[in-house]
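One chain is shown next in structure tokens, namely the form predicted alone.
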């Protein structure tokens, strides 16, 4: 957490709030969150630059600045970005504050201290290992059924592990993989290659539909996630299996089970997902 729908929701919110704003300064309270450059260089050189566009790649946020540089932010497990029209105050676990010329600010906080920020020339983006190795975006034209079919056919790893692999498909995490596999009626421990053509088509459709619906609902808030305005998502109300251990499946009534698959706690319906 947050996964693709949450990061996309944050991106859309920031796009409405930050475009054209000019940086005035940076306060850094936890130096470990800034991977490059040094705190001193960021504080010296970032002021005066303006936000020209905001993109997302997998779970990464990309703030493009007018001079060709880029701020790359990965929220990891518990990172939050919250915009305020006045100076930030009273926030817990505050690591960094970007202030703007009009007095507004963007605060980055993170309970677990795993979130990371880089500022670099845009042409150096491909040198960031986590981004350079990402697979296709699941809601883009680069992700199509022939790609999925081909990749499933040549792999024997279980389907849950494959969907969590960011080099195979960018942006999926534990919540949405569980929901996708339930919608496609596929057990998470199944070998990727074992899926029939019908199941592969169902999986392809489920990947797109679950993510699209989660974005409409502004993401899933089960603990820390908030959007750029500090508001919770609502897709948690639509979850079919994730976090519903020992509760009845909303499709068939069978009790939802939980076990560890691919090293992750995994929720599934033993009747729907054969």
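Numbering follows the first chain given and starts at 1. Since this is a predicted model, take the numbers as computed values, not measurements.
The protein also exists as the form predicted together with the DNA; that form is not presented, and the subsequent description refers to it.
Peer 1: Although the partner isn't part of this model, could you tell me whether residue 253 comes within 4.5 Å of the DNA in the model of the complex, counting any heavy atom of the residue?
Peer 2: Answer no; every heavy atom of residue 253 is more than 4.5 Å from the DNA in the model of the complex.
Peer 1: So in the model of the complex, is the DNA close enough to residue 258 to count as touching (4.5 Å, heavy atoms)?
Peer 2: Close contact exists here: in the model of the complex, residue 258 approaches the DNA to within 4.5 Å, heavy atoms only.
Peer 1: Is residue 84 close enough to the DNA in the model of the complex to count, meaning some heavy atom within 4.5 Å?
Peer 2: Result no; residue 84 lies far from the DNA in the model of the complex.
Peer 1: Within 4.5 Å, heavy atoms only: does residue 101 come near the DNA in the model of the complex?
Peer 2: Result no; residue 101 lies far from the DNA in the model of the complex.
Peer 1: Select, from the options 92 to 100, 182 to 190, 198 to 206, 136 to 144, the stretch whose residues sit within 4.5 angstroms of the DNA in the model of the complex by heavy atom distance.
Peer 2: Contact-bearing stretch, as computed: 92 to 100.
Peer 1: Taking 3, 111 and 242 as the candidate spot, are all three within 4.5 angstroms of the DNA in the model of the complex by heavy atoms?
Peer 2: Every listed residue reaches the DNA in the model of the complex, so yes.
Peer 1: So the DNA isn't shown here. In the model of the complex, which residue out of 71, 164, 106, 148 has a non-hydrogen atom within 4.5 Å of it?
Peer 2: Checked against the cut-off, the match is 164.
Peer 1: At a 4.5 angstroms cut-off on non-hydrogen atoms, which residues of 174 to 192 are near the DNA in the model of the complex? List them in order.
Peer 2: Result: 174 alone.
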